[in-house]
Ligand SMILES: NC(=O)c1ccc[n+]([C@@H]2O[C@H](COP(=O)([O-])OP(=O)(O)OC[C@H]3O[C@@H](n4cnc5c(N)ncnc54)[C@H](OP(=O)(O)O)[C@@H]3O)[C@@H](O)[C@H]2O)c1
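Quick setup: one chain, the form predicted on its own, written in structure tokens, and binding and motion questions come after.
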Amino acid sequence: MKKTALITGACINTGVAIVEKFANEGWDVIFTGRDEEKVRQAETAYRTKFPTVNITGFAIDSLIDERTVDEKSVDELFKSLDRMGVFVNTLVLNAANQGLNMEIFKSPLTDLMKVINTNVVWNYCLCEHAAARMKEKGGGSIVFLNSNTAYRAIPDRIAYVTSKGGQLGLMRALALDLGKYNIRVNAVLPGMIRTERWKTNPDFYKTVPSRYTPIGDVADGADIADAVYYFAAHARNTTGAELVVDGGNTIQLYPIIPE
């Protein structure tokens, strides 16, 4: 029987690589994005590339406003899947608010709230709905796309760094509470990834310190997707774990930048 993965934030960048990894492995895929038009475009592209796999996109946003998670849309998403007869074996929480350019003394409190609500509270809401169904079906897997910034802060990203630290706490607590239902909960911690921002800002990424990793390279989306798939398909006895995919960046005190 085919398995199904639900992957959030999967119209661009790493989300695309994760969808393609699961589809290549023969899984059916449900994916989400914030913009209806982009979701439909991505859905068409995925179905063309993987004609033997069932791939369906849903347009869903995380928040009604900065203070309010859109719980109703999550409920409607899972009820739609129930009506379709789709059971989500693996939930991949890839979507995130990046919280760019947040500065203490300048940014309003709602900037912090928006990022925390998206990256922690909304993800908890998705976990709650997915896990309720996994419990009834005998188990499943939840994978958080976290970040090595959960351990090493970067400038002007207060809300994002805070949310990723909190997200790891959420992951461990869920792993403990859901283990008795055979639901595994783990996290992948990427460092720098070659995304569209890498391509459109070559001067910045040419000199940014985090590109100088011990192995001399940064991750592609496929590297992150491989780690996610490991937790979903192979890590039968692993829960509450973190897999860092950052070329060794986290282990070094400071990068060695060539002259």
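Start at 1 and count along the sequence shown; that's the residue number. None of these values were measured; they are calculated from a predicted model.
FYI, the form predicted together with the ligand isn't displayed, but the following is about it.
The partner is not drawn, yet in the predicted bound form one stretch among 225-233, 22-30, 57-65, 43-51 has residues with heavy atoms inside 4.5 Å of the ligand: 57-65. Site annotation in the predicted bound form: the residue of 73, 118, 90, 162 reaching within 4.5 Å of the ligand with a heavy atom is 118.
Contact check for residue 187: no non-hydrogen atom falls within 4.5 Å of the ligand in the predicted bound form.
Using a 4.5 angstroms threshold between heavy atoms, residue 96 counts as touching the ligand in the predicted bound form. The shortest heavy atom separation between residue 145 and the ligand in the predicted bound form is within 4.5 Å.
The shortest heavy atom separation between residue 35 and the ligand in the predicted bound form is within 4.5 Å. Proximity of 10, 13 and 197 to the ligand in the predicted bound form is complete: all three residues have a non-hydrogen atom within 4.5 angstroms.
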